[in-house]
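Only one chain is given next, in structure tokens, and it is the form predicted on its own.
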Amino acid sequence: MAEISIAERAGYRIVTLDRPEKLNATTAGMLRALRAAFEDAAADRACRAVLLTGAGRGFCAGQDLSAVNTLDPATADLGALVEELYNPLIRLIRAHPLPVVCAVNGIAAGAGANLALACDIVLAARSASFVQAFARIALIPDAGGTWILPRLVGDARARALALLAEKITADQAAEWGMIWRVVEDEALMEEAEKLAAYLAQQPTATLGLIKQALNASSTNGLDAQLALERDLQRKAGQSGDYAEGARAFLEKRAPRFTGRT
């Protein structure tokens, strides 16, 4: 049974978590399929953006505990599960050469919340919510949660979210800088597709360089970051899209980017 679905659009793809009866709780099959979907999108030169969302009334309820045999403390190795299934996916999304938009259409819990937050631009329906639910079952946040949360909301809020496992609304997530924007429920997918379509017309290779610079900024010192900006700007300046963008600016017209180096 397919646990994700993929829809092709002009210039981008919609990847949908597709276990609505389980609030799109993740399984090994779903996580492997997601990884393959992102790898395929990166390899397709016609695809210039990815939109991730969930089917039904939830985005993702986190790991489906009924799908893993790890309840016996004597034999449980959740670290192996994380290393095999979650870590490669989160690394792939963060370093993906294409912009990744996430449309959170309902509850985003546990690893589901951190899967959403790993994306580049996150829109959420007003009825959506986020919860680092791990502590409720005596686990720590994974899927990058302990890395990305402090960078998005600051240390104090990240600690409270992780230790208290309290649910926050989409409006609160936006107010704290956890996500980009809140959208009325009925307009979520229209707005998300509009954003993905816009990104699909932009200088794709340069957007990938921007992501690379931002990813490095949290660990680089100023001198290292300035050097990286220099090197990446050199690459950007040698692209055909830069030449087109500069010409379009001087000619006072809209640029026609190809998205290639």
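Bear in mind the structure is a predicted one, so any value in this text is a computation, not a measurement. All residue numbers are counted from 1 along the displayed sequence.
What comes next is about the form predicted in complex with a small molecule, which is not displayed.
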{"query": "Every residue of 15, 28 and 100 near the small molecule in the predicted bound form, heavy atom within 4.5 Å", "finding": "no"}
{"query": "Partner-contacting position among 193, 64, 229, 39 - heavy atom within 4.5 Å of the small molecule in the predicted bound form", "finding": "64"}
{"query": "Contacting member of 121, 160, 189, 78, with respect to the small molecule in the predicted bound form [4.5 Å, heavy atom]", "finding": "78"}
{"query": "Residue 137 within 4.5 Å of the small molecule in the predicted bound form, heavy atoms", "finding": "yes"}
{"query": "4.5 Å heavy atom contact, residue 82 to the small molecule in the predicted bound form", "finding": "yes"}
{"query": "The small molecule contact in the predicted bound form: residue 153, any heavy atom under 4.5 Å", "finding": "no"}
{"query": "Contact of residue 210 with the small molecule in the predicted bound form (heavy atom, 4.5 Å)", "finding": "no"}
{"query": "Interface segment, criterion being heavy atoms within 4.5 Å of the small molecule in the predicted bound form, picked from 168-176, 181-189, 91-99, 127-135", "finding": "127-135"}
